[in-house]
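Only one chain comes next, encoded as structure tokens, the form predicted alone.
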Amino acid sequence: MFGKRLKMAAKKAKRKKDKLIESLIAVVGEDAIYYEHEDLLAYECDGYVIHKGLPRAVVFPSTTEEVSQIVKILHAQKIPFIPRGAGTGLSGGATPMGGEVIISLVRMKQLLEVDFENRRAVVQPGFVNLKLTNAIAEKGYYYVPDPSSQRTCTIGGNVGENAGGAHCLKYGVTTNHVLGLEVVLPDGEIVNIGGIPDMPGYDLLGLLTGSEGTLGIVTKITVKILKQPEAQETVCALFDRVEDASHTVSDIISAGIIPAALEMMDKIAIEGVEKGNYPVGYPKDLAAVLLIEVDGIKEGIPEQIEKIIQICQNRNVREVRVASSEAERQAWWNNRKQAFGAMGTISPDYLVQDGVIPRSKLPEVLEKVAQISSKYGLRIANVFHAGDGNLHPLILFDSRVPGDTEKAVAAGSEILKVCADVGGSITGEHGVGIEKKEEMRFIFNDEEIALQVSIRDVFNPENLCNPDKLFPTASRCAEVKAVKRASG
């Protein structure tokens, strides 16, 4: 075995580097680039594993200046490139289509500054989400956006996808917490955007946040940090009917209560999480569970809890109770946040979708999801941020069975069409990437897509920065047609 490794190492050492690889090594050093086939395999996709492609190289800069130099080299040679964080994305946003250079930002992982007086922090893009809260918790502060992958996802990736999380209902998604960005544009120029509260002019921060790496590469992020709430309580409500749980969600919001988080799991999702690493003992015959968390001033919490319990009881709840301790509250949330990964305990493969609907349409949409499940003969687990209507149907399939993957993709597309038809969206936090770019037509016509492409072209005119993502492939043709019509 050792001899085989020596031979492989010798073969790698003798393999000739092309001029591009040599020029990139000159910027970052030999130990900060992958270009051999076996090394590149780990970067052929992100968390969306249905489509894969091989990059030409993966380079690991450590500074903004190195990112800029790398981009200038690639721009000059018209070589496409992809910014990449931890690779936890779920829509193929960091998946190569074939031949791009991946610029991995995982070595840019420092917490640069914390300003408690002004409630802000400055991080590099490779800084892991949860580490920010851990770093400032001793002072009584935290960073709000909390995707389920917060133990591994990076804040730079969160900016790219405009990530949300369980607590986005009350506090908003990533864009509501970004104050400033340092960005390397697709030609290598370094610019600073934002940083001043209520800055006049166009909202470029809002434009860049959620742009999925198509407008530039974020290399420094200034974010809000918040004081931890004085008190918080979590209610767990168990239901025998999904319809009762769905109506409870709307009833809580209609009562004037805005929970910090309002999460729901159905029977199949519960089956998965109870077989995962953090079981809490939910009954096996349970149809749905709601987790409802309220926070704020200590004196106001009991009244809200009392109202929530009463609303649940009015909707035929089987059992409803408040967490008896912080340990129990954390156990409930750990159980919920493992939901995606726990699907591996009940299915060889799964595809997660990310549609958004009006809360009032929840019972109707869940019924249609059940019909789609029956149509394709695939089980679908429903896990969602119920409070803001962000659904995460998990379509369970077996890629070893011929046709199963195709059925899962088709079922996912139909679910997104249902979401769009009831006045919702095709994504709430996972992004479009390559997975949903054709489904953009469910909510935008050709002229609207062409307009967005024209905005991209202001920043990325040659489509080198994360190319062929976000927009349907024919959108360029639509743009040309629109221009011709306008010119007569």
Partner chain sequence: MKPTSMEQIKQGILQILGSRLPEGEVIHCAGNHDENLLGNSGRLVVYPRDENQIGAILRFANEHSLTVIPEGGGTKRGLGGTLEQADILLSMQKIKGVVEHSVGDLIMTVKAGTTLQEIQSVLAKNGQFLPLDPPFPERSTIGGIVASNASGPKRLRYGSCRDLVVGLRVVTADGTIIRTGAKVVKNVAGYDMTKLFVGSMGTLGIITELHLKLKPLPPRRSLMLLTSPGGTEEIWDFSRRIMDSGMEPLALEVLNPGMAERLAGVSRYLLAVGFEDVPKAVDAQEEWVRQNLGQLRKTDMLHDEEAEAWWNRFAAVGTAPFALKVGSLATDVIPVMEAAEQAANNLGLSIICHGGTGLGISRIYVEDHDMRKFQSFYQTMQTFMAEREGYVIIESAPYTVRRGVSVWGDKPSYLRLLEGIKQKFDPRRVLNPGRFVGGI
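Keep in mind that what you see is a predicted model, and the values were worked out from it rather than measured. Numbering follows the first chain given and starts at 1.
What follows is about the form predicted in complex with its partner chain, which we do not show.
Contact with its partner chain in the predicted complex, defined as a heavy atom within 4.5 Å, holds for exactly one of I196, A327, A76, V401, namely I196. Taking Q353, N129, S211, T248 one by one, only a single residue has any non-hydrogen atom within 4.5 Å of its partner chain in the predicted complex, and it is S211.
Not displayed here, its partner chain is kept clear of E319 by more than 4.5 Å at the level of heavy atoms in the predicted complex. Remark: Q150 does not count among the residues lining its partner chain in the predicted complex, judged by a heavy atom distance of 4.5 Å or less.
In the predicted complex, its partner chain lies within 4.5 Å of some heavy atom of G431. Proximity of S454 to its partner chain in the predicted complex: non-hydrogen atoms within 4.5 Å are present. The stretch from 97 to 105, 410 to 418, 270 to 278, 161 to 169 that comes within 4.5 Å of its partner chain in the predicted complex, counting heavy atoms only, is 161 to 169. The candidate spot formed by T175, G256 and M440 lies fully in contact with its partner chain in the predicted complex, as each residue has a heavy atom within 4.5 Å of it. Contacts between stretch 353 to 371 and its partner chain, counted in the predicted complex as any heavy atom lying within 4.5 Å, involve V356, I357, P358, R359, S360, listed in sequence order.
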